[in-house]
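Take a look at this one chain, the form predicted alone, written out in structure tokens.
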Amino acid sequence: MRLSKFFLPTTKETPADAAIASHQLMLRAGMIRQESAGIYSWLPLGFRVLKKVEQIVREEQDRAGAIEMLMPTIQPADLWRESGRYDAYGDEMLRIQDRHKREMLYGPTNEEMITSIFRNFCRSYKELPKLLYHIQWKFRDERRPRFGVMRGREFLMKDAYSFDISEAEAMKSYNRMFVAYLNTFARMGLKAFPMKAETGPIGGDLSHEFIILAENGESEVFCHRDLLDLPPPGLDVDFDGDLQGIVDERTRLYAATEDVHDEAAFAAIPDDKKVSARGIEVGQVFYFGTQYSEPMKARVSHPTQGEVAVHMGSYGIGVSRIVGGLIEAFNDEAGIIWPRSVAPFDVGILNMRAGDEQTDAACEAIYNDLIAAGLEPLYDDTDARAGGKFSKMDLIGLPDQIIVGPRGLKDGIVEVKDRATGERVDLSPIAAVAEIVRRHGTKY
């Protein structure tokens, strides 16, 4: 993509109403625009990151055996009356009527709808287990939307739902999603730690939030320091094998959000192993048994017990929220520092003298070679001043930069900069392309 053709409305000023780094930088970098409180348009740069995050989430769900579908944003109120949640959910639910005065709602979550779909098509235990998911926009009418996309009213969410014949089988599905989440966040460069959590309006009595530690985190979290050193399971994990050991390794160490924090259990941890910090939730998993299947009559035949209500779980990842979480985790005084796996573009090319025949030709060759290698470059071909080009490229946080100017080209070299480390090396144009390809050879 040529910057002269792209839509990238960056600003130098920090918005007065943006309180945290991610909100400030997303506005300054031209990633989003606020349309009303807690509701944002995703501009091209932000949308590219959103789609990268979404694709990693999708790939890990598919790898774990979940099946993708798509449910509507608008749901009939009667489904929620069946489960008993319509009145209980509270003011966060946006209730509406269509032109025929039928009561509808803008879905904050999809337990009722997926249960209704399941009961209409699955009748036998032989059809279990089932693990279904979709990636869809949700709406929750937050009382105080704040922190940009971190606590918005409209947000993109991956929600998955499992259906099993028993609690024991349901825990296998829970473990499957638990491990998939560990790998999902690791692929994005995030260290996300599972912590016992309140189940809230979703219900049930077992839940873990996946937390990234951040100074601006909304909630206080408490954990054993050794949890922070555990590596992700890795892409070679066998989802058809026994995952209990991986889950046990993460859950045997104390880790809890403030809502379920146990002071006595935390006090028993050696002082040098205690961690009390702020955290950002990027995902949550729930097991709630027959809470929805019983009242909504989602039953299957059982080989010895007749018809039984299925055991269910739900598993959410805030796709749009993760974008903000990534920026909270990866930024400096100059701007964003994207991990390579989610960067909107792989590399920025800075033409230091647009209009100069030799410099233009070198940039064009590098640009075309990177595309031919399967990478996505952003080529700053504008006639802006050098300082402005450097500032903009640092602000938007592309992981690598290739700086091309007539002075270096006289010696047959260009400069390659690593955004995260600031390291700069001089290479020939051909070697610069090879180096960028090498750096992006693996994104996990």
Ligand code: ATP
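Quick note: we count residues from 1 along the sequence shown, nothing fancier. Keep in mind that this is a model prediction, so the values were computed, not measured.
Quick note: we don't show the form predicted together with the named molecule, though the next part is all about it.
- Contact with the named molecule in the model of the complex holds for none of Y174, R176 and G204, as no heavy atom of theirs lies within 4.5 Å.
- The stretch from 220-228, 275-283, 72-80, 165-173 that comes within 4.5 Å of the named molecule in the model of the complex, counting heavy atoms only, is 275-283.
- Contact with the named molecule in the model of the complex, judged by any heavy atom within 4.5 Å, is made by just one of V310, V323, I349, I317: I317.
- When you look in the model of the complex, the only residue of K196, R151, R250, R187 with a non-hydrogen atom within 4.5 Å of the named molecule is R151.
- The named molecule in the model of the complex is not approached by F118, whose heavy atoms all lie more than 4.5 angstroms from it.
- Contact annotation for E142: at least one heavy atom lies within 4.5 Å of the named molecule in the model of the complex.
- Using a 4.5 Å cutoff between non-hydrogen atoms, F155 counts as a contact of the named molecule in the model of the complex.
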